[in-house]
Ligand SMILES: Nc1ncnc2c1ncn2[C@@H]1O[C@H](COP(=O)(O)OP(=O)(O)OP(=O)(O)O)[C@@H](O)[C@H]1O
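Take a look at this one chain, the form predicted alone, written out in structure tokens.
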């Protein structure tokens, strides 16, 4: 058995619109995803993520290059590819006037499961995604987060080896999101290959075994989460705690031009490019009589992501 589930080589996609210059959405990207991994396809808006996803799921032809799913060519063998994948797109596809349980039943029967197997699997995903108390409610009466959780849950009713999740937790609150993340992890342990696109970098950092960051149609970074984070080894992540936040202190800290800076209740988190700035930041923080604590750590995936997508095109090659 080929250990590679997804193999992409020199993929190019050029969009042509009458009266407008061509747009090169993908500019020769290549990557491979081993079987059984959770793989992150990350990038800012307009980076080429959706184009890549549409090509891999046979919804869009590439201009050049190749892509194979489980050894099947996505252009020459689209039906074989579709037999082996499930896809959750950003738009929810469900019947709002059916109950949650009947939506699962409809999905199971559509994929050829008999009535008994459909019930068994519907019960399994209902429990896995903690949807039991909503099983008899119509979707139109549920929150957007619960609708989205159902959308993700139902693809795991069928035994597809490769699952594509496009912004899987969009619209979910913290509880819905945590439940969905844990369920995705559990399904991945069964050997499924899961491709995840998300704008939530902390989510990718927690879930993904490997990833690529796509920017302006090219791959800016790839590898394991730790490998990619090492790109930002010079970055320093600083957390400061205060009894209360003083606007003057916040303004003073901004003068160090951090890569990122965020205030939360009584804390300030900053990512600095220079280690030499750490002591300067500490001194500035300690001038505030409400200063309590100071912690220093390594770069997060989000820090590296932000810095990579800020780079000029010629630097990010």
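Predicted, not measured: the structure shown is a model, and the values here were computed from it. Positions refer to the first chain, counted from 1.
Keep in mind the form predicted together with the ligand is missing from the figure; the text below concerns it.
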Heavy atom of residue 25 within 4.5 Å of the ligand in the model of the complex: yes
The ligand contact in the model of the complex: residue 18, any heavy atom under 4.5 Å: no
Residue contact check: residue 44 to the ligand in the model of the complex, 4.5 Å heavy atom: yes
Contact flag, residue 57 vs the ligand in the model of the complex, heavy atom cut 4.5 Å: no
Stretch in contact in the model of the complex with the ligand, which is absent here, among 29-37, 278-286, 257-265, 47-55 (heavy atoms within 4.5 Å): 47-55
Listed residue (109, 199, 178, 124) with a non-hydrogen atom within 4.5 angstroms of the ligand in the model of the complex: 199
Partner-contacting position among 167, 187, 209, 203 - heavy atom within 4.5 Å of the ligand in the model of the complex: 167
